[in-house]
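Presented below, as structure tokens, is a lone chain in the form predicted alone.
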Amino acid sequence: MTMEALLLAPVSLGFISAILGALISVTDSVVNNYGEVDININNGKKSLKVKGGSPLLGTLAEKDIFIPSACGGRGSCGACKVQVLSDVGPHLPTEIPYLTKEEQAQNVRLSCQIKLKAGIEIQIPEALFNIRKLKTKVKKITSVTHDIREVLLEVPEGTDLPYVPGQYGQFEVPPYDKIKEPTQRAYSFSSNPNDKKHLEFLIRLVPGGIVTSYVHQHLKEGQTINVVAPVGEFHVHDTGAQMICVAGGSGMAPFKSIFANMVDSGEIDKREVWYFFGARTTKDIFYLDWLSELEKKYPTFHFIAALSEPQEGDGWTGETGLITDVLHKYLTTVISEGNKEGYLCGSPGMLDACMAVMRKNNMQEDKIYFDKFA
């Protein structure tokens, strides 16, 4: 091969690649050009005409209809369920693990997995029409542990965002070195809903986490942040039953909101509350002063913290061991008989283990409430 041929070969390959790329792009735009499609919601309650080709979840969000999604549309939480009344094809393998047999029979689908190729009819809870996207301002960022930040946001002047303690918001971060488009994740409110001017979150750093990395490494006071809220059905049930609450890490958030609201309403004087909080070491535990003060002031409130890996010389005098073991001990030897309800917030593994302990101690499964974030 001549030197000229050697020099021309890469150019020729590059030219051919460019032509192939252009052909693929044109083909994709033609084959996957679904034009405009119609979305009929709740038998005509809302009708939308949208551009086809994108997932239903994101398309609805662009029209200010927000379907809950703890994972931000990655298909890993199973939260973004809608009932589809028209034919969009069989359930996908990515949906099956998150749907019961009954849901599959009713054609419940994950909206993040449905690509809009034609008109569609769906049914969603009416309450979802009340979810909004707010542009908030970061007022204060406080490190409450080595890996958990308390983020206090100011809501726009005159905003009325009624929410129930236990609900959550979709916290949205802008593009940065890890992502090319805005990305949301779900976090429980830690704020008291009676504070109409602020929203507060507890966000723990997850190694490699897209949103948590941004919050811990880039988020600044004074910055604007979008929040989609309120979302979720986790809340205290007005039954008078003893509340057996268990959390770990940033799972503290909904209980901070719940207990503050119970103090304001006077409910904390009327109802027995047992709050179990599990951590590894003393550096992973926080809000001790506030919780200890609640316990001193209200005879009906009991706070039990446990460290699974206490360090020598850290001065810890509380419970030690796994929080599930401590929970079992109290359920069998300390907490009185009678009606009980379970309230849980933490990792999926912790929730499953706590539910097993509660069932073992004759707590009814339909009286155990939680939000399980992926």
Partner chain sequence: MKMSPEFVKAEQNMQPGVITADGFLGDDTRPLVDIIDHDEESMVKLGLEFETLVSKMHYLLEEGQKGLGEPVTVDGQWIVRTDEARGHLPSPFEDGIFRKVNAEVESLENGKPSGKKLLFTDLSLHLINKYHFFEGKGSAFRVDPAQAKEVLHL
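Residue numbers count along the first chain shown, from 1. Keep in mind that this is a model prediction, so the values were computed, not measured. Think of the rigid core as the biggest set of C-alphas that the two forms share within 1.5 Å after superposition.
Heads up, the form predicted in complex with the partner chain isn't pictured, but that's what we're talking about next.
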* To do: Give a yes or no on whether every one of Ala79, Pro207 and Gly349 sits within 4.5 angstroms of the partner chain in the model of the complex by heavy atom.
  => yes
* Spot the stretch among 178 to 186, 293 to 301, 82 to 90, 194 to 202 with residues whose non-hydrogen atoms come within 4.5 Å of the partner chain in the model of the complex. => 178 to 186
* Evaluate Leu322 for contact with the partner chain in the model of the complex, applying a 4.5 angstroms cut-off between non-hydrogen atoms, and reply yes or no. => yes
* Determine whether any heavy atom of Ala260 comes within 4.5 Å of a heavy atom of the partner chain in the model of the complex, and answer yes or no. => no
* Within a 4.5 Å heavy atom cut-off, is Pro156 in contact with the partner chain in the model of the complex? -> no
* To do: Give a yes or no for Glu267: in the model of the complex, does one of its heavy atoms lie within 4.5 Å of a heavy atom belonging to the partner chain?
  => no
* Structure fact -> None of Glu36, Asp314, Asp64, Glu309 but one has a heavy atom within 4.5 Å of the partner chain in the model of the complex; the exception is Glu309
* Asked: What is the one choice in His218, Lys133, Arg74, Lys139 with a heavy atom within 4.5 Å of the partner chain in the model of the complex?
  -> Arg74
* If we check the partner chain in the model of the complex, which of the residues in 247 to 269 reach within 4.5 angstroms of it by a non-hydrogen atom? -> Gly248, Gly249
* To do: Determine whether the C-alpha of Arg74 shifts by 2 Å or more between the shown form and the other one once the rigid core is superposed.
  => yes
* Any CA movement of 2 Å or more for Asn192 between the shown form and the other one, core superposed? -> no
